[in-house]
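Given as structure tokens, the chain that follows is alone and in the form predicted alone.
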């Protein structure tokens, strides 16, 4: 197993960080109104289209190792702006992967170039009554009528909902799982108001409803392995949430370290106090262990996909819980300065919890991991 990055990959990460840091200067990427969020997302995706970033894990990129390279790049973007990260990844990686993995040649030609060029923003409607789809069957239903399909259903927690150009809505058609591609403005597609959230303030999340929404039958995707469709979508979500956790830990740790070096009490920097050194040591240990866990998961996903699901659940639990712990310890180091609104540590602290309840929740993940350990899951 080789998780090392090449010089080309390291150069890409550095260039990506410089590009994104420059773009972020003077912008409110994680606390802005809807118009600001949409403008930021469209500008960022257009900018990223000039790099290999949007294509990673979707199309081969010479000299890069697919998902493994992407995991390193995820940390970069998520550390610059968690909100921009979750918005870009929903469009490029989940929406884009749906088309790449399950679209036919005509569907790929129609949507994939637009997504990878940053010209179109995608959203995915998966969750319904709650974030959990593991124990609740999908109620969204499409009915075929000639060359048209009429869809009815409701979706919650749709990232990019208020600003997407296209929606990949997951449901059932007949006795088969299906994904309905619905364009913004389509009659019967009702997009709810932007939801207020405690973290990821620059992302636009909303419910949506499909009320007798009619689309061409050619806009329906049928996964080849219907039984694994929702599991695969959850796998992709969990991978993205791991990347978010790495970025949050990087931001929290580096902010706390810088503060510890520069803030003084009793006439000396607080990093001189042993307790602060211990906290930073524990934070760095969790961060670097999470990195290695995420890299191993990415490598396994491409080399031995059958082993990827359980390993991804283990890594997702560890990384998301570590992100909350690292952000919490960073808040303690900053003290009052961390409690004041508007700093990077506060942002990481607010965002960290989402990773534990989104995708496969920590509780459900632990049940599935336990089943795997007992040999109850293949």
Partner chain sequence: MDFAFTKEQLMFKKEIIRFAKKEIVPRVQEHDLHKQFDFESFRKLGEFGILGLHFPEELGGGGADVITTVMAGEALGEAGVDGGLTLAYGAHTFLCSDTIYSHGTPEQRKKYIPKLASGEWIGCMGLTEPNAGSDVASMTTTAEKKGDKYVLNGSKIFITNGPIADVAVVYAKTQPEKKHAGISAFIVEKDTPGYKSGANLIKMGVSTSQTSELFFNNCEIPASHLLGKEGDGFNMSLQTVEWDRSALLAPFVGAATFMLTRCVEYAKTREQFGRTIGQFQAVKRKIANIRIFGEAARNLVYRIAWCKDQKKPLNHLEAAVAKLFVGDWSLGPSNDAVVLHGGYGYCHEYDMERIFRDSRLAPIGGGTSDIQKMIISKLI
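Since the model is a prediction, treat every value here as computed from it, not as a measurement. Positions refer to the first chain, counted from 1.
Although not depicted, the form predicted together with the partner chain is the subject of the following passage.
Original post:
Closest heavy atom of residue 44 to the partner chain in the model of the complex, within 4.5 Å or not?
Top reply: Contact with the partner chain, no.
Original post:
Might residue 97 be said to contact the partner chain in the model of the complex, defining contact as any heavy atom within 4.5 Å?
Top reply: Residue 97 lies outside the contact set for the partner chain.
Subject >> 4.5 Å heavy atom contact, residue 310 and the partner chain in the model of the complex >> reply: Flag for residue 310 set to yes.
Original post:
Does the partner chain get within 4.5 angstroms of any non-hydrogen atom of residue 257 in the model of the complex?
Top reply: Although the partner chain is absent here, residue 257 would touch it in the model of the complex, with heavy atoms inside 4.5 Å.
**OP:** State the residue from 262, 285, 145, 265 whose non-hydrogen atoms include one within 4.5 Å of the partner chain in the model of the complex.
**Re:** Exactly one residue meets the criterion: 285.
Original post:
What stretch, of 22-30, 313-321, 44-52, 337-345, brings heavy atoms to within 4.5 Å of the partner chain in the model of the complex?
Top reply: After filtering at 4.5 Å, what remains is 313-321.
Original post:
Which residues, if any, of 290-309 lie within 4.5 Å of the partner chain in the model of the complex when only heavy atoms count?
Top reply: If the 4.5 Å heavy-atom criterion is applied to the partner chain in the model of the complex, 290-309 yields 292, 293, 295, 296, 299, 307.
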